[in-house]
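Shown next are two forms of a single protein chain, provided one at a time as C-alpha cells under the names structure 1 and structure 2.
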Structure 1
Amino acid sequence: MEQLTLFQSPQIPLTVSDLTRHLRSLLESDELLQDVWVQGEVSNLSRPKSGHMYFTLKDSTASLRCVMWRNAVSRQMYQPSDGDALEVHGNVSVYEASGQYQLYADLLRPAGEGALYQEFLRLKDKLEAEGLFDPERKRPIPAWPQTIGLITSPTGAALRDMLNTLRRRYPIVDVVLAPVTVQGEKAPQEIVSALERLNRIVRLDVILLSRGGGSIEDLWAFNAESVARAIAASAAPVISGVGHETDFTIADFTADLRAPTPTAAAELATPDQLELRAGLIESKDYLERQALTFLENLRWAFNSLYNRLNLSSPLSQVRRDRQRLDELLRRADLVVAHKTELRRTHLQGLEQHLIALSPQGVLERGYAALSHVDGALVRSTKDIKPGDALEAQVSDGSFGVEVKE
C-alpha cells in the first residue's frame, strides 16, 4: 500500500505534500470516517456568495472544521445558526492547502431531534409516494380573493403580521379567523377541525395556515399526517406560512403553495392595491385612447356615409341639375353673345359695303351726279345737248355747269 512505501526509508525526508497526501489516504480509507455522524455546537458559521457553507463544530475540549458544498446546502430542510447544537453527517478528509482535517458534510439535523427528523422523513416519503405532493394536484391561488380564512394562534405575532399585511395590500378582502393552538398535543386535531369548519361553514377563496418560527418540536403539529390529509382534502386552496424561510414541514409540501413566512403567505394570497391602482390608471388611459380612436373611426365612417347619402339624395340631384342648368345657361349666353357679335360684325361689314355703294359714297370717291334744272338725272349723253344748263352734285355740294359740246 502507498502509506507503507512512504516509510520504507526513514532517512529520506518527506515533502509536506507527500505527508499530507498520505494522511488523506489514511483518512479516506477508513470506512468509519467516510460515513460518520458528529455532534457539536455550531460556531464561526459562514455563507459566502458561492453558496457553500463553512462552520466549526465544537464541544468543551475540541473543535472540527466542517464544509458543506452548495448542492448539499440546497437540499437541507434545516439551516443552522451559530450556537445551535447539531448532528452532522459526512466524511472526513484533509484539506491539503492548509493541512487541516475537516468534515465534508452532506446532512444536518438538530442535536437530540434525530428521532423526530427520521419520523419526518418517513412520513414525507409515505405521503410523497401517495401523490399528496404532486404538482398536478396543486390548485391555483385566486387572483382576486373575496374571503380569506386564517388558521393560526389568536395570540401570536403571526396573526398580527398577516392582518397588517392584508389591510395594507388588499383592505377590501373579508377575513375569517379560525383560532387554534399551533403547538402541543392538541394542536394537530385543532388544525384539522379548523380546516373542516372553514370549508363547511364559509365559502372561502383561500386559506392561510401559519405560525411563527420555532424548533422542530414547536413546529411538529404541522408535520402530523392528519393535518397533511386535511390540507389535501380542503375545498379551498391552502397556503402554508409556517416558521421562518429555512423551516420546512409536511404541511408545506402538501399545501397548494408554500410561503417562507406568515407575512409572505398574506402577500402571496392577495394583490397589492398600489399595483392595482397603477394598473387601473394604465387601463383607464388605454380605454380612453381606444375610445377616442373608436369615436374617430365612427366619425369618419359617419362622414363617409353622410357624404354618400348626400350624393344619392334627390336634393343633391336637384342641386347638381341646377348647377348643370346654370352651366348650360352660361354656355348659352356665351353662344348667343358670340353669335350676336358675329352678326354685328357682319352687319357692320354690310353697312360699310352699302355706304360704299350709296350715291354719297360714290360721290365721295370723286364722282359727280348731273341733273337738269328740273331735277332729271343725266344718265346718258343722249340726255343733253350743247348749251344745256346742268347742276353738278358732288360729295360736299352742287354747282351749275353748261354743256359746251
Structure 2
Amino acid sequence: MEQLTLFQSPQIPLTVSDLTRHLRSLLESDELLQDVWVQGEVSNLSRPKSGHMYFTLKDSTASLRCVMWRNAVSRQMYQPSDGDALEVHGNVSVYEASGQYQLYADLLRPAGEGALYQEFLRLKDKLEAEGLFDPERKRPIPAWPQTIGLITSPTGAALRDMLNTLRRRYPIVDVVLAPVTVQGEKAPQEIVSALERLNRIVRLDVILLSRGGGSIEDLWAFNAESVARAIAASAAPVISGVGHETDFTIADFTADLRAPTPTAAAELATPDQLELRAGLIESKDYLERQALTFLENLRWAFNSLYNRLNLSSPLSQVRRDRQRLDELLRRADLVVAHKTELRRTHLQGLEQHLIALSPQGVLERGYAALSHVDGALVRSTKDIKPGDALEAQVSDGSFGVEVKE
C-alpha cells in the first residue's frame, strides 16, 4: 500500500497567486492570443458609470468573458447591444482576482463586416498602388463656383441639407442635380453614369457626390471600383460627403476633396456670403479711408501753398509804400505850414503899418476931423465961414462945433 503522498511530494506548493500569474504569463506569451479576432453573440452587456464595457461573447457551445476599457469604448464607431453578432478584436489574459481568463477587447464590428472590410482594403491598396489617391492628382476646388453639380438621392436628407447650406452660404450659385439611387445593387452604375452625364451636359465648377449616414452596407456603393474610376475621370473636381465624420469610403479617397458630411461638402464647395459681405464692407471702408486720406494730403499741400500766396500778397508792398507816401505827405505839410506862418507874420506887420496910416490912427494921435453937416470934409479955411455948424470927429466920437470968425 502506498503511503499518502502528502508529505512525500518533492514540490513546494504554489500559492494561488503564483499559479494565476503563471497562467497569465503563459497566455500573454502566446502570439495568437495577443492579437485575435473572435466572433460571437453579445450577451450580459453592461456599461457601468466607469465608462468601461463588459459583455460575454457566446456561441452554441461556449462563452467568453470580454471587457473593453473606457478609452477603447469611446473610439468605437459601432455601439453593440445584447444579441448582436459581433467580431471582436483584442488580447486574451487572466483577471487574477477572479481567476477568469477574458478577452481585453479594443475593436469591435458587426459580424460579416470582416469580409467586406477585407474587400475594401484590397481595393484600396490596388487603387492606391495605381496612384488614384495621389495628392498630386487632387484638383483645386474653385473658390467662386458658378455651377455646382449634385449627385445624391432626390429624396434624401443629404440633398435637403446641401441645398439649405448652398442657399445660406452662396445663393447665387447654380445647382444641377443628378438624382441617383445611393444604395443597393444599381447604385454604383447610376452614380457612374451620373458623373459622366453631368460632365457632358454642363460645364461644372465642382461636383458634390454625397449620401447621408448609414451602415457600412448602406454606404457600400461608394466603395465600388467603378465609382472610384468615374470620380478620377471626372472633368470637374469632385467633393465627396458620404455618411458621417467617421465613415471613410473609396470614393472619399479618390475624390479631390473629402468632406465628412453632405453639409460639410456644400460648405467646402462655396464661400460664405456673410464672410464675403464682411470682407466687402471692410474693403469699402478701406477704400473710403484711402480716398479721404488722399484728398486730405492734397488739401494739406494746397493749404500750405495758399497760405504762402496770402503771405506774399502785394498788400504788404502796398502797406510799405503807403507808409512812405504818408511820410512824404507829412513832410510836404510841414513845409507848407512853415511858409504860411512866415507869410502870416509879414501880413501882420503890414496890417500894423496900415492901421497906423488909417484916419482913426490920426484921430488917436489927437487930431480931429471937421465936416459939414452934409458930410463934406473941411480941408481949408476956404471951406468955412463964420457961423457954420460943423461936426468934429475925434478918436472916440464926435461933437458939434461953430465957426466964430
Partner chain sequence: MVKETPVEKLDYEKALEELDAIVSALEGDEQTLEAALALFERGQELAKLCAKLLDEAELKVQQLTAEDTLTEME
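Under this definition, the rigid core comprises the largest set of C-alpha atoms superposing within 1.5 Å between the forms. All figures in this text were calculated on a predicted structure; none of them were measured in a lab. For residue numbers, the reference is structure 1: its sequence is counted from 1.
Asks: Two forms of the same chain appear here; which of them is the form predicted together with its partner chain?
Replies: Answer to the question: structure 2 is the form predicted together with its partner chain, whereas structure 1 comes from elsewhere.
Asks: Is Trp144 one of the residues whose Cα moves 2 Å or more between structures 1 and 2, with the core superposed?
Replies: The answer is no; the displacement is under 2 Å.
Asks: Does Val202 shift between structures 1 and 2 by 2 angstroms or more at the C-alpha, the core having been superposed?
Replies: Val202: C-alpha displaced by less than 2 Å between structures 1 and 2.
Asks: After superposition on the rigid core, does the Cα atom of Asn307 shift by at least 2 Å between structures 1 and 2?
Replies: True for Asn307: a C-alpha shift of 2 Å or more.
Asks: Following alignment on the rigid core, what Cα displacement (Å) is computed for Glu296 between structures 1 and 2?
Replies: Once the two forms are fitted on their core, the shift reads 6.0 Å.
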